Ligand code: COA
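In the block that follows, a single chain appears as structure tokens, in the form predicted on its own.
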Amino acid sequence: MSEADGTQHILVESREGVLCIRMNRPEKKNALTRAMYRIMADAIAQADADDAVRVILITGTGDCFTSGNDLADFRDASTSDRERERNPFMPAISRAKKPVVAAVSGVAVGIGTTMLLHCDLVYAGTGARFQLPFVNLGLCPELGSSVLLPLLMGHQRAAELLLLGEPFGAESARELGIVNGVCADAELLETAFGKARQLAAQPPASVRLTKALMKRAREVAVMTVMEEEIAHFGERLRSPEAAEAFQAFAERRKPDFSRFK
């Protein structure tokens, strides 16, 4: 296993009808590389194709869900590499046929929060911290969040999260509708796995159909917006604003956007 293939950073285990996908790169706060995204996308496809799997559970390590994209991995990609803009995990989690449960502990930044909008049940530990810092980095929202967040909580609340990019806690996430329930950090995985087992015991075809029916009305809109976001995200990655934000991040200073129009 190598750093490049990401296999040691995504652990996949199936038991009791639940396929557990664990982000496991604690030394980097589970920052996601393109290789890690591919493995997670493949695991979701595997779950959808396997009749023995009834539910998908996504989690991180004890003190971290994911800090979002690995900025160094994205920065090192060549400007002609379209793969970074065509993240296979995005359509995979959006179109997953089986129910997806998430257990969120510690930080959930960027896609660590937006992926939750595509999950069916989300549980967070009391110490979970969420953030959508796309604008802060000179980027734009992704994974359909620019349409899903306003639908979920209204324009003003979504604007507060996306335009200011400030962190918020687990109780706020529950109030906003991102999270179903909040529990003690030590009980999080047991709680989420218990709900996954409960789902796995339900009639599987009925569960899949009900999920599909609930998502159908917004499916076309979400996929259309995701395509627009991908195009804009790629452009923003190469923008001077993003360059300043990434440079400031590397230098551990506050970015200066005063010269930009």
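Keep in mind it's a predicted model, so treat the numbers as computed, not measured. Note that residue numbering follows the sequence shown and begins at 1.
A second form of this protein, the form predicted in complex with the ligand, is not displayed here; the remarks below concern that form.
**Q** Using a 4.5 Å heavy atom cut-off, state whether residue 107 contacts the ligand in the predicted bound form.
**A** Heavy-atom contact with the ligand at 4.5 Å: present for residue 107.
**Q** Please run the contact check for residue 28 against the ligand in the predicted bound form: heavy atoms, 4.5 angstroms, yes or no?
**A** So residue 28 counts as contacting the ligand.
**Q** Please tell me whether any heavy atom belonging to residue 130 falls inside 4.5 Å of a heavy atom of the ligand, as the geometry stands in the predicted bound form.
**A** The answer is no: residue 130 has no heavy atom within 4.5 Å of the ligand.
**Q** Is residue 123 close enough to the ligand in the predicted bound form to count, meaning some heavy atom within 4.5 Å?
**A** No, no contact at 4.5 Å.
**Q** Could you tell me which of 131-139, 168-176, 155-163, 93-101 sits within 4.5 Å of the ligand in the predicted bound form, going by non-hydrogen atoms?
**A** That would be 131-139.
**Q** Enumerate the residues of 39-68 that have a non-hydrogen atom within 4.5 Å of the ligand in the predicted bound form, in sequence order, or give none.
**A** 67, 68, in sequence order.
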